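The chain below stands alone and is given in structure tokens; this is the form predicted on its own.
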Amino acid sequence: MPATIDLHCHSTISDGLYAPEALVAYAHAQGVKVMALTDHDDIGGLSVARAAAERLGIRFINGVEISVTWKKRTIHIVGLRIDPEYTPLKTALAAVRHGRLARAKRMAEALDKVGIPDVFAGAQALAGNSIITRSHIARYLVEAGYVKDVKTVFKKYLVKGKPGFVDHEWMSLAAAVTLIKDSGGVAVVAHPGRYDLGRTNMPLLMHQFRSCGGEAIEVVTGSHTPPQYTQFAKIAHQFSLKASLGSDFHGPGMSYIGMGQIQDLPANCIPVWQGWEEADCLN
């Protein structure tokens, strides 16, 4: 049965296709009752999205998705119920966004060397006033006719070992979790099935995340398969973590699944939203 809660999605503040208020309207049209906006390293859309949610009767949760470097890998940590006015969080996210800009310029330079010019300008035009992400670069390559779709761009150019990949040092795991917790929020490992960590590193990540004060992992997410729902439900139980779910919706043609289409958590999971007043409408 599709869930009526979605705790992971993106607006034009980062790399989504819909402006915050339009994203909330889309969620409402899909039957979502509770949602969190979790833009990459940016909380600039939360106030507008919250106002739109209140108008439409959606329960809204402040969120963010923070980029983390862990064992030379990029991991994403979602923060839910954060305080967007918490100054250390705002300062740290501003520093991450500065790093994103520098990375985008280096990626554009790398792609220019393999015969794809003007990438930074093209991605910047798509991003507008938002931060430039790999998704903006991918969308530019599709629109410019170099590749047929966004998923192919990532496989051909933007992952490790490909010509547009640029290694980058993000925030530490401990710093991200601490900032989320100190702002009053709950830290969640986003889409763990995407990291290809193997039998050794996956439990190590969960142990270190839990030791830092992390509380949950995404069990059901747009990029997970049904067998992975079961796999990560077991991992959540093993490490005494609560379970979250979210579509990771970026927009039509950019996402694995739409909001309002993602399945409920497996029955044996403890929902991360258990006891939250924002989610009492789901009882």
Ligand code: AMP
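In this text, all values refer to a predicted model and were calculated from it rather than measured experimentally. All residue numbers refer to positions in the sequence shown, first residue = 1.
The same protein also has a form predicted together with adenosine monophosphate, omitted here; what follows describes it.
- When contacts are defined as a non-hydrogen atom within 4.5 Å, none of 59, 81 and 242 contacts adenosine monophosphate in the predicted complex.
- For the chain shown alone, residue 134 is a contact residue for adenosine monophosphate in the predicted complex, at least one non-hydrogen atom being within 4.5 angstroms.
- Not displayed here, adenosine monophosphate is approached by residue 154 to within 4.5 Å at the level of heavy atoms in the predicted complex.
- Not displayed here, adenosine monophosphate is approached by residue 100 to within 4.5 Å at the level of heavy atoms in the predicted complex.
- In the predicted complex, adenosine monophosphate lies farther than 4.5 Å from every heavy atom of residue 139.
- Across the options 90-98, 126-134, 181-189, 198-206, residues that bring heavy atoms within 4.5 Å of adenosine monophosphate in the predicted complex belong to 126-134.
- Contacts between 35-54 and adenosine monophosphate, taken as any heavy atom within 4.5 Å in the predicted complex, involve only 40.
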